[in-house]
Structure formats: structure tokens, C-alpha cells
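Next up is one chain by itself, shown in C-alpha cells, the form predicted on its own.
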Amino acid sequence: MPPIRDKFTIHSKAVVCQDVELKGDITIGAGTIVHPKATIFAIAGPIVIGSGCIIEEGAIIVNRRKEVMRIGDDNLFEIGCRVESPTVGNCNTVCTRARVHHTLRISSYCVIGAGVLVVPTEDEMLDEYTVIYGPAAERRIWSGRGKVQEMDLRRKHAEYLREMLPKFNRLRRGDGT
């Protein structure tokens, strides 16, 4: 297998800490925040991350497929989660230490609970507003109630991080360095 060529396209309004591990062809959208010690690997195909996403410490995002991995807008990847899903819609939350296998596609407004392991045996697309929780990865559909408040809280969180992260971390620019 040929070596992975690094090519990073980081929007000027994105906040990406220097201490982030990036490999492969990665595009990061406007307003996206990537904490230190996060890992984003485009092993087989490129990764395109939309705007307004928050990727916290220790989060790992990996694309093992040849197709483009598309991550929509306003997603939250919490501490220590691992996502290999080929598509992630908008406004999703992947909680702390959750793991999502490459056979699962996530639509929008979904929540993968803390510590949940989601490994479907064949390709599957999650319905919108699906919540996966508990050690048995049980599922239910969220009514969508509180969606506006959740997004307002996430915007405040991002605003705070945009202000504080540059004060204590060096930032990375989009030239592959």
C-alpha cells in the first residue's frame, strides 16, 4: 500500500490545535473546533468535516473506506469516542468513549450514548432522532423536544472554546503543517 499523503484544508475560521494528529486528505469547515490530542486519520479515503463541529480530546475519527467520509455540521464528538462511520449527518452527539463501526451511517439529530459500542453486522443507516444507549446498545426515537435549547447550548460551548483554546494552545493552519 502506498504511503498516505497528507493534505489538510483548514478553514480560516476553524480552531485546530497544533497538538492534533492528522493523517491523509482532511478538510475542516468553518467554525469547527478540534481540541488537542484528537486524532483524525483518512487512511483509505478523504474526510470532509462540516462547519461548527466540536471534536474533543482523545476523540478518534478514522476513514477506512475508499469513499469520502462526510461529517455534517454542528456535530459533537466527546472525549475518547471513536467514529469510523462513512457518513455523519448534522447535529449529532457521540458521547464519551462511544465507538461507532464503519458499517453504521448516522443521519441527523442522533445520540450515541456514553460507552456504547455500535457494530452492525451489515451496512445500516440510523433513522433521524435515534438514541442508542446502555451496555446492550438499546435504541429509541427521541421526540426532538429541546432541540433548539441543545443547539443554543452547543453554540455557547463553541463560542467559549473559540475564545479559550487559542490562549492556551498553539493553533494549526491549513498548509499541512
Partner chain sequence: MAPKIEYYCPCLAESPHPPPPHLPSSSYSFHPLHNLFFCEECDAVRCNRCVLLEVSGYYCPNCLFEVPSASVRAEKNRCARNCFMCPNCRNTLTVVPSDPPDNGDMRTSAVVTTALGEPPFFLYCNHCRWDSAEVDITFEKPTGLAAQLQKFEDSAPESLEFERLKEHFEPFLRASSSSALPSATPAHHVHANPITAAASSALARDIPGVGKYNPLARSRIGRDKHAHRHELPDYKARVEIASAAALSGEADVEFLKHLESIEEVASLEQRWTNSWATSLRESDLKPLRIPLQSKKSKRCPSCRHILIKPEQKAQSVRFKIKLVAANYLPAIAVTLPHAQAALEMMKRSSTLGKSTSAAAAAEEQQAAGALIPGHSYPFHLAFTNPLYDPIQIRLAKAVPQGEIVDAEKARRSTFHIQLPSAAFPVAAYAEAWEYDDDEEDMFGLDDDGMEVDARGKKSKDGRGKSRSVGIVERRANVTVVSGEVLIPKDARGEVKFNMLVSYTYRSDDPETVDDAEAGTPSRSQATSRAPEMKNFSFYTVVDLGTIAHREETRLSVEP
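Residue numbers count along the first chain shown, from 1. Only a predicted model underlies this, so the values are computations on that prediction, with no experimental measurement involved.
Below, we refer to the form predicted in complex with the partner chain, which is not included among the displayed structures.
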| query | finding |
| --- | --- |
| Location of the partner chain contact in the predicted bound form, chosen stretch of 132 to 140, 118 to 126, 22 to 30, 42 to 50 [non-hydrogen atom, 4.5 Å] | 132 to 140 |
| Close approach of K66 to the partner chain in the predicted bound form, 4.5 Å, heavy atom | no |
| E163 within 4.5 Å of the partner chain in the predicted bound form, heavy atoms | no |
| Partner contact for E150 in the predicted bound form: the partner chain, 4.5 angstroms, heavy atom | yes |
| is_contact(I54, the partner chain) in the predicted bound form, heavy atom dist at most 4.5 Å | no |
| Contact set, 55 to 80 vs the partner chain in the predicted bound form - heavy atom within 4.5 angstroms | I60, D73, D74 |
